[in-house]
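The chain that follows stands alone, in the form predicted on its own, written as structure tokens.
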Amino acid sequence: MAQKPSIPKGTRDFGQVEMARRNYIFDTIKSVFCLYGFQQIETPAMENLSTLMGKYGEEGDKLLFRIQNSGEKAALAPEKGLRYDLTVPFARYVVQHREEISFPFKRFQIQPVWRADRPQKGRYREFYQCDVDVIGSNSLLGELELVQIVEEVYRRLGIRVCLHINNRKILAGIAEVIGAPDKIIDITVAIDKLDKIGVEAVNAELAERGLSEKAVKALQPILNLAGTTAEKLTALRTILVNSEIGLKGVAELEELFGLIEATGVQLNIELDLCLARGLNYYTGAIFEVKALDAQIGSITGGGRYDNLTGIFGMPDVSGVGISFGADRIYDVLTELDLFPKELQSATRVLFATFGDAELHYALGWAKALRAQKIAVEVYPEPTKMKKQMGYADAKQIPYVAIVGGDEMAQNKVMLKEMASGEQKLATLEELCTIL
């Protein structure tokens, strides 16, 4: 017996319903990106492994998919890997194409990425990211536009969210004032898990990573800092008074929150000092978006990176970007039943016929309707009407245009609205108007 076909764990097939819904997400996000002047690029699925390694931290490097070289010169070819995210390939692209780019460069990408992670709900090995970045400017207007984009995308999708904001300079300052400046990466990796594993487990991991009991104890009041955004920033100014980098992070957040207030952003925003974002390349503001009505991890995340292109030979170029996780957004929209019902079928009308003459008649009408950008199907053979109606019902096509001898004689069709069952004769002009 032939083995039943399958696909690798952590990957999925997408049928016609899933693709209609996914394209709804992609089109919504893309339209908002374009609204702010961002333009689309694409990069290859694979990169040289040297491009990817060392950019995502120790844990990220372990999740890279490596590609085995093949061919006569395989031993001499550079090792390759599937891209882990879209930001590092973007930095490589900027350096490689610097002569063709006008800075600041505002780009977006909607492509799949791969991570050798343990598959679970909301976490896949192959998934799509929708990235938007601006590179070549230090202005916090970049951060503000990302906040505005987050607000508009989730308003259009109908998902209630909270945007969590922090600054990696503040985290560096915290590491300084608790006496562990060399442990900044260990601290950020550990506290980034706070909402997943809890404070006791985070403290245990900090100890395992070499932080002294005194340093862990000194960190607790900072992790538990409460109050309004203004109160938290005021408290941080006192806590970080002896840390130049920490105070710079506070100043950047004060400016960003001032811009947010001045532009009337209505998004639910929280200053979250436990937000760390595990990727090592972040140097300034960091963002994470969580759905308020669904139990799932972050659905959008990103931040400021000051020298990512430097590793490719183009130093001192600052950028900021954010990534929308299309697959998690899909899960949230599904759980909350927020997809528009009309997505189920792109086809607006199906022509159902009784014979060959009627079929030829329907083809002329279909051509005329398609010229008006109306999606049309003609059932391919004049079989039993029940079968043709069943096809329309299965595909959730809202209208069926029935063509028989009487309809042809009047140069009309019998139009049936599937939801109500109502039928009426219609001319081609009337059909165009209805559809």
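So that the term is clear: the rigid core is the largest set of C-alpha atoms that superpose within 1.5 Å between two forms. Treat the numbers as computed from the prediction; the structure is a model and nothing was measured. Note that residue numbering follows the sequence shown and begins at 1.
Keep in mind the form predicted in complex with a further copy of the same chain is missing from the figure; the text below concerns it.
In the predicted bound form, does I374 have a heavy atom within 4.5 Å of a further copy of the same chain? So I374 counts as contacting a further copy of the same chain.
Against a further copy of the same chain in the predicted bound form, would K232 count as a contact residue? Criterion: heavy atoms within 4.5 Å. Outside the cut-off, so no.
Heavy atom to heavy atom, is K55 within 4.5 Å of a further copy of the same chain in the predicted bound form? No, K55 is distant from the partner.
Taking heavy atoms only, is G15 within 4.5 angstroms of a further copy of the same chain in the predicted bound form? Contact check for G15: yes, within 4.5 Å of a further copy of the same chain in the predicted bound form.
Among 216-224, 242-250, 87-95, 281-289, which stretch sits within 4.5 Å of a further copy of the same chain in the predicted bound form, heavy atoms only? Single hit among the candidates: 87-95.
Full three-residue contact with a further copy of the same chain in the predicted bound form, heavy atom 4.5 Å, for L194, I296 and L435: No: no residue has a heavy atom within 4.5 Å of the partner.
Stretch 26-64 - residues with a heavy atom within 4.5 Å of a further copy of the same chain in the predicted bound form: Going through 26-64 in order - heavy atoms within 4.5 Å of a further copy of the same chain in the predicted bound form - the hits are K30, C34, L35, Y36, G37, Q39, Q40, I41, E42, T43, P44, A45, M46, E47, N48, T51, K62.
With both forms fit on the core, has A116 moved 2 Å or more by CA between this form and the one not shown? Superposed on the core, A116 moves its C-alpha 2 Å or more between this form and the one not shown.
Verify the C-alpha shift of R304 between this form and the one not shown: is it 2 Å or more after superposing the core? No, shifts by less than 2 Å.
After superposition on the rigid core, does the Cα atom of R107 shift by at least 2 Å between this form and the one not shown? No, shifts by less than 2 Å.
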